[in-house]
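Below sits a lone chain in structure tokens, taken as the form predicted on its own.
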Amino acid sequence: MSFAPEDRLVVARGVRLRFDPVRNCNVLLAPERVLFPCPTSVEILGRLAEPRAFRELVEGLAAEFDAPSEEIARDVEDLLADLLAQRIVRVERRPL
């Protein structure tokens, strides 16, 4: 999956990222399943509570973690492709 810079990503309807005090970790609540996301996923999903352009997401992470945008873009794209396949996130593409 390849994301265009202007593709807007958002957490899918019915999916919630929550901190579970009993387990002392973040959990991802999705229809009929509970997932235990890694810290990287938590960081990205937290930024997708509202629709955000792929470019904006990458630039924000690159600035915050002082890392090259190209490297961040590859890593984020891989993670988002996996989350998209699991229907955890969705893409809002602008019509041409």
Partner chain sequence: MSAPAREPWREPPIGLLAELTHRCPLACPYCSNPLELTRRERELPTASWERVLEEAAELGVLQLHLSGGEPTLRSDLEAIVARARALELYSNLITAGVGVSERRLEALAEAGLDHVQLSVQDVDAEGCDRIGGFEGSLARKLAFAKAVRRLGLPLTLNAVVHRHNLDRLERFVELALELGADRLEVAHVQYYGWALANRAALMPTRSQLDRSVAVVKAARERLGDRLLIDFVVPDYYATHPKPCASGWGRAVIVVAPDGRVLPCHAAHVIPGLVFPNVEEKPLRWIWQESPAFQRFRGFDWMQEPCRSCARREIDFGGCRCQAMQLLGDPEATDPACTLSPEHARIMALAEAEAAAPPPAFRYRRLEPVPA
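All values derive from a computational prediction rather than experimental measurement. Positions refer to the first chain, counted from 1.
Same protein, other form: the form predicted together with its partner chain, not shown, and the subject of what follows.
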Listed residue that, although its partner chain is not shown, lies within 4.5 Å of it in the model of the complex (heavy atoms), from A30, A62, V42, A53: A30
4.5 angstroms heavy atom contact with its partner chain in the model of the complex for R74: no
Distance check, D78 to its partner chain in the model of the complex, heavy atom within 4.5 Å: no
Proximity of A49 to its partner chain in the model of the complex, heavy atoms at 4.5 Å: no
Its partner chain contact in the model of the complex: V10, any heavy atom under 4.5 Å: no
Heavy atom within 4.5 Å of its partner chain in the model of the complex - qualifying residues of 58-88: L84, A85, Q86, R87
